[in-house]
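Read the single chain below, which is given as structure tokens and is the form predicted alone.
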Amino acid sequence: MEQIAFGDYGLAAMSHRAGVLGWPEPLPPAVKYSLSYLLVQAEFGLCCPLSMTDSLTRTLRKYGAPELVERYIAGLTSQDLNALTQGAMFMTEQGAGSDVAATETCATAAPDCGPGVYRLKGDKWFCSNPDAALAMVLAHVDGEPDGMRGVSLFLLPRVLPNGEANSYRIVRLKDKLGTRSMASGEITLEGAQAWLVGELGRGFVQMADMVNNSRLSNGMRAAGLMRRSVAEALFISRHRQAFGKRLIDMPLMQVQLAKMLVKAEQARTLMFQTAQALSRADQGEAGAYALTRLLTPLIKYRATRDARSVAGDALEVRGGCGYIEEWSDARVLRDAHLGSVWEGTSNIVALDVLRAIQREGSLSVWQDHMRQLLIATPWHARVRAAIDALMERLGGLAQTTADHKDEAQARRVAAGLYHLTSAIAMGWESHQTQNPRRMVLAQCVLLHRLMPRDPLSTNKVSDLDLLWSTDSPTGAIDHICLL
């Protein structure tokens, strides 16, 4: 699997150099996330080392000293496994967690080892891909202020340039709920040599670039797990019979499958929207970075939570067999639980949505982007009116929540923005591809995930058969109106 991912397809290298898959320049993010979206449906654990290597390379190129970039870039972007340098991120400490300001690992300048070299001492408690050749590490620099301003970012090699092993060790590997195909461990730094990356005291800001890139990958992985779950459930439903009917022909099963499919396709749509925003940001387009800063925590927040429920529902569709390790459902369900805790729990990421609105002005950029998608989509008049009303109300709530730092509303804001963004984007996709299924999905999001409903109402989606029909529907895409 490493040969396929790192070697044959160059998934960790394709954003950083030309030549991967025969392309004359670095490939756009949409290509990387498309291929990774397919890969994760077969192997979830490997996507962490892929993401770490890709993200470390991005951060090193952005902030690292030229000599460091020159020394390591070839290995980080190699498709030859014998020459490949894999990356990792050692940030979490047992007493700190998401509170980076409480980092206790200390860094002491070591001018005798060379310019920019520090010695690191401390314990990192949760390190995925712990035997990677390079890792980005956060540490508090001796003599610097307490708190966030004293934390800096360092590049830690497993093997020093002179060929000696660096002074750190893996204390033990974790016995984890899921992602068992990838090792995670506890690491003790015993005066290990590391190079300062970027400016002193700016460690978290610089690490945030790596974390945000990895959060997008995390959202992609959740989307892939959900798609795998839906595919398994659809297959079972089409081929298993009970009480003289196929499962897929039973009304309750149709509703269950529809709910799973809506969540899976919301995440897929947000993945591409965020990848496109990231590509525009890297090209320097005005406002694109602010949009990326908002969409990234949105997909990390909601898609990873949805993946848990979708994976659980898929197991239920298979019944008792789904609980048996001979099938994929149990593994997928275990793996799905990682997303909402890795690189920030749901609460932490929801607060990051507010930070993006407050510090980056992301809300106005998001509103402009949504209006552009709406203009390009021939929505039914009643649906468009509902969307406009939702945008106004949600925009006001989001701005007020960010301005007043009302943390208790952060999750509500993040969920609302995620649902509305995915609905508008899926409607736009429907028009672009002339695919009425995506319009059904978009309106399902509006009706069932955003609009307040009477729990005793019998209002239902009457066109759900379009979602899993094997025949391609024809006709105008705006004939479906559920509101």
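Being a predicted model, the structure only gives us computed values, none of them experimental. From 1 onward, residues are counted along the sequence shown.
The next section is about a form of this same protein that is not shown, the form predicted in complex with a small molecule.
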- Message: So in the predicted complex, is the small molecule close enough to Leu120 to count as touching (4.5 Å, heavy atoms)?
- Response: no
- Task: Could you confirm whether Trp342 comes within 4.5 Å of the small molecule in the predicted complex, counting heavy atoms only?
- Result: yes
- Contact flag, Ser98 vs the small molecule in the predicted complex, heavy atom cut 4.5 Å: yes
- Item | Interface membership of Ser184, the small molecule in the predicted complex, 4.5 Å heavy atom rule | yes
- Consider the chain as shown here, without its partner, and state which of Leu374, Val171, Ile348, Ile248 has a heavy atom within 4.5 Å of the small molecule in the predicted complex. Ile348
- Item | Contacting member of Arg318, His380, Arg240, Lys176, with respect to the small molecule in the predicted complex [4.5 Å, heavy atom] | Lys176
- Query: Using a 4.5 Å heavy atom cut-off, are Phe90, Ser128 and Leu338 all in contact with the small molecule in the predicted complex?
  - Reply: yes
- Interface segment, criterion being heavy atoms within 4.5 Å of the small molecule in the predicted complex, picked from 78-86, 223-231, 120-128, 327-335: 120-128
